[in-house]
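Given as structure tokens, the chain that follows is alone and in the form predicted on its own.
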């Protein structure tokens, strides 16, 4: 019986549930110093002077550094499509561009002393006008980088057809803000660095991509990559924001080299809220046109992307929005333009879904508005426009080639599980009775791209002489369950139980190559690499057994139950894994390495239905049901898949209802801690109803697609639509996200003419 497809308990959990994980801050370094960063309290200002005298004299202080002390030059944007004049110094030199930017670093013998001394650094600022709004940024009235001559970091415009909506009986236009959110990993950023006497750097980093950090450190410090070792132990969440190498982490390595002693840094939660990259931040102008019988004929999306103070990966994510522009719908004409600008706010980076949730949120919300305009049920409008099952592989108007899907079935499963007709009947009854608490039913049918830009991933499998197995992988888990999943794959091929399989990751000396974990790529890249390496080990063992048994390799079979190879029809004579591994030890071991590159991305899809209850007197929204159909191809372990979907649903609900990073007009963050930032809890979430559906992809041998981000992509617009649907009969056309009680209450009262302000 195959282990694949079964609910195998996570191998990782006993450690986390008993002694706990080992995180960067848990790793002791003898004689280590601690750094605290002095951060800007202004969103935009010139630095007139920095007085470090009192800080240098503080107890335990070893050094205080400003930009003048750092011999590493300003860093241009990493991606060539960005305006290269928008450079960033590791410590702000003459200008600060967002609240939270590092201006100075204080190094002391304890963390507490470093923090205390940092408060003694006096900085004289000359305030400049702050640019917080993306539309204001586009006007270039205040430039963040005068040398650049513009606030435009990247232009991805394709032109506008003035006759684009010709032939459409109904056209709906609206502006949506897919607002900023904070990733909020439970483990904040942390880094520790030490140098060997030979000049080799060892850095511990809480990251999703250890090999990427290795390359970043080597490049910034002018080192050969062989001179850098990065270790990423247990990581307490990343969500995309821990992919790159931040200035604070580069400086830790630089200071350790400068001082000749190990240096450690761990940020506070408040620092994380303003220093760790934010997600989303798209202003969307949406236009959809079609016929009164529900057929969509044209769809247009114009985006202004908020890149924050320094263009990073967040500024390029509209490319992924364009990739998934038309979603699950067969729309004849689509048009997309985007511009990414810099603002005096925290830089934006990748966040769970990274450009794809923004595409789904736009089309799913405006489709509901189109349905309301023509008086048709939202489910029926979707059904009439879904790409049909026999159309795959399907090429969208933007050139994206979907691998395989069955969108109609996903919608039907969600509607059936929720008993959609009964829900609409209950909604009608509440509306007719004028109930205070109105019922809203929100739908979202989505498709997303995973492993969107396929790159190589490393996997290696070795059978030891004692019969145990070590797996080395270039992926870097931070909650996904890779240790269990990769052990299952190897166990399936070798017949060795998962208890005897060790999975090693996160050490660039032990794992020679790797790309990391992001974009829902792990199973379809790293998992396939491990699976292929395991297959290669079996074939090598078969050949070795054939030599020892003096048989034809084609006649040698693996008895997975007995964990031994024997000649077919002669089970008495055989060789066990232990014996073969011992025999192979003198020949380099019983091992295989694979670097796998997928031939293309995969496209998970699904349908979410949300039932929301909205109190029309207070604006309070309560989610009553979430029905989720998420098809990620062949499922390796349903329990792991459910965990990923559940986490994704929670984050999607959070954005729709609660979470929002906000700034005042001067660029001051007003959500810089978890008291002001409405972090989702179990109290806001019902039990999730997950409906299984599997449509294996032909792109890889496992038939697997990514599942780490799907829940988030489908749930946000479903919740948003549910809230708006509860109020549409009152004349409410739209409620901006997040649909807080205040916003809902205001929308109701503006629609009914009761709002006074």
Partner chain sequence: MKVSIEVNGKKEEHDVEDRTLLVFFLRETLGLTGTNIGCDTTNCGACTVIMNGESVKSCTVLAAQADGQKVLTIEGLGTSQDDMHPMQEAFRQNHALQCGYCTPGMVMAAVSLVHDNPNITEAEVREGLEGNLCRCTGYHNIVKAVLAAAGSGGGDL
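Keep in mind it's a predicted model, so treat the numbers as computed, not measured. Positions refer to the first chain, counted from 1.
The form predicted together with its partner chain is left out here; the points below concern that form.
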ask   = Heavy atom to heavy atom, is residue 681 within 4.5 Å of its partner chain in the model of the complex?
value = yes
task = Verify the contact flag for residue 116: yes if a non-hydrogen atom of it lies within 4.5 Å of a non-hydrogen atom of its partner chain in the model of the complex, no if not.
result = yes
key: 4.5 Å heavy atom contact, residue 26 and its partner chain in the model of the complex   = yes
query = Heavy atoms within 4.5 Å of its partner chain in the model of the complex: does residue 644 have any?
reply = yes
message = Can you pick out, from 226, 147, 675, 572, the residue that has a heavy atom within 4.5 Å of its partner chain in the model of the complex?
response = 675
task = Please pick, from 351, 204, 254, 605, the one residue with any non-hydrogen atom lying within 4.5 angstroms of its partner chain in the model of the complex.
result = 351
task = Answer yes or no: in the model of the complex, does its partner chain come within 4.5 Å of a heavy atom in every one of 9, 183 and 269?
result = yes
remark   = Here the chain appears without its partner; judged in the model of the complex, the stretch of 595-603, 232-240, 318-326, 503-511 with heavy atoms within 4.5 Å of its partner chain is 232-240
query = Along 463-499, which positions have a non-hydrogen atom within 4.5 Å of its partner chain in the model of the complex?
reply = 478, 479
